[in-house]
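This document starts with one chain, in the form predicted on its own, laid out as structure tokens.
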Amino acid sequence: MTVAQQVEGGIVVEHVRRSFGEVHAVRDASFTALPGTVTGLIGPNGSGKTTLMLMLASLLQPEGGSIRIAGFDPMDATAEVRSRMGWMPDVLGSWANLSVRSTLEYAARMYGMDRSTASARAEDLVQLVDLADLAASPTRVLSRGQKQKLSLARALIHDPEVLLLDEPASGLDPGARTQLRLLVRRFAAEGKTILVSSHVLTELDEMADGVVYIDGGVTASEEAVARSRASARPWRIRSSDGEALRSALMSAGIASAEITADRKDLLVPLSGEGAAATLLAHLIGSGVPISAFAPAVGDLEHTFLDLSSGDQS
């Protein structure tokens, strides 16, 4: 049984490639996203993320390899894939004079819903994404963040089992980002497969179960990602007695050269939560008053930085 057959309802990408003339946008992309999970797609600018997302969305044909969305090939069974997939692009294309409600109603009709069902679905979604007050307004008056909400609602119109979200948090205020994170986690709990491409790694950190890293058109192996996530990263420690803290860190075996100051805090490299827990117990046992003890960067930012500067094999 192939990987694609084992992951019915998910996303399976195997050795996909795509070029534009002499530019090899995607050289070798392979990953799996499972139902009921949120997978983050990260990588530097020009890494191939957008090209990969367009191929997944059935808008661009791969030159090699295979893609399965809910068990179907986006090129060979485009209608089947689009009926099961919701696509939220980075930039929403919309009819400027059409209202928010009408935009969603027309989208619903395109998926075969009758007028009554389409109207009810549109009403449910404007409530869900907090656009009820703007439902009768033309889309041209929407801000960037409000257009993102409309784009998400449009992707959800047919209740797809797979969601592709490209920069969904772009333009959202802090409250809307929190709402987005809760919605995405709720969709995952309902069993949907969700792939999120984003540069906002702090937001992605709080919603993603796993991550796919791509650079130079090549995805890092699962082993490389796991090594990067487990590698040493700085932890931020704060105490009202800075000298006592520094002394206790050195007595715990941390070399003076590895301890750096950042305003009122000290930063030390630690390999994993086990090492962090051991160090914290030592500091408390030494009588040092600790007021803050946490990673200086999130998991995904750490993974991104480590893979960007190291070996991805």
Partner chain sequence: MSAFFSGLWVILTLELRQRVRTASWYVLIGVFVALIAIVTVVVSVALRGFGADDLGGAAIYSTIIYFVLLLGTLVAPALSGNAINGDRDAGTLATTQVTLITTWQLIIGKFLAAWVTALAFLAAAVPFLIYASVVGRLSAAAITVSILILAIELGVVAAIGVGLSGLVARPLFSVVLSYLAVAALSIGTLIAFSLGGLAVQTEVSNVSSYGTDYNSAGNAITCSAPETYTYRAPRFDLFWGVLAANPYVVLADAVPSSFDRNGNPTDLFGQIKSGVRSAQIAPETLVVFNECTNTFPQTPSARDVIDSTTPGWFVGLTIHLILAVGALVGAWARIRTPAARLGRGSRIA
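Positions refer to the first chain, counted from 1. Values in this document were obtained by computation on a predicted structure and should not be read as measured data.
The same protein has a further form, the form predicted together with its partner chain, not shown here; the description that follows concerns it.
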*Specify the contacting stretch among 57-65, 279-287, 247-255, 29-37, defined as having any heavy atom within 4.5 Å of its partner chain in the model of the complex.*
57-65
_Is its partner chain in the model of the complex close enough to 227, 235 and 291 that every residue in that trio has a heavy atom within 4.5 angstroms of it?_
no
*Could you check which residue among 190, 90, 124, 159 gets a heavy atom within 4.5 Å of its partner chain in the model of the complex?*
90
_I need to confirm a contact call. Of 75, 182, 200, 132, which residue comes within 4.5 Å of its partner chain in the model of the complex, counting heavy atoms only?_
75
*asked:* So in the model of the complex, is its partner chain close enough to residue 149 to count as touching (4.5 Å, heavy atoms)?
replied: no
*Exercise: residue 116 in contact with its partner chain in the model of the complex, heavy atom 4.5 Å*: no
_Partner proximity in the model of the complex: residue 85 to its partner chain, non-hydrogen atom cutoff 4.5 Å_ = yes
*Considering only heavy atoms, tell me if residue 177 and its partner chain come within 4.5 Å of each other in the model of the complex.*
no
*Taking only heavy atoms into account, state which residues of 94-114 are within 4.5 Å of its partner chain in the model of the complex, ordered by sequence.*
94, 95, 96, 97, 98, 102, 106, 109, 110, 111
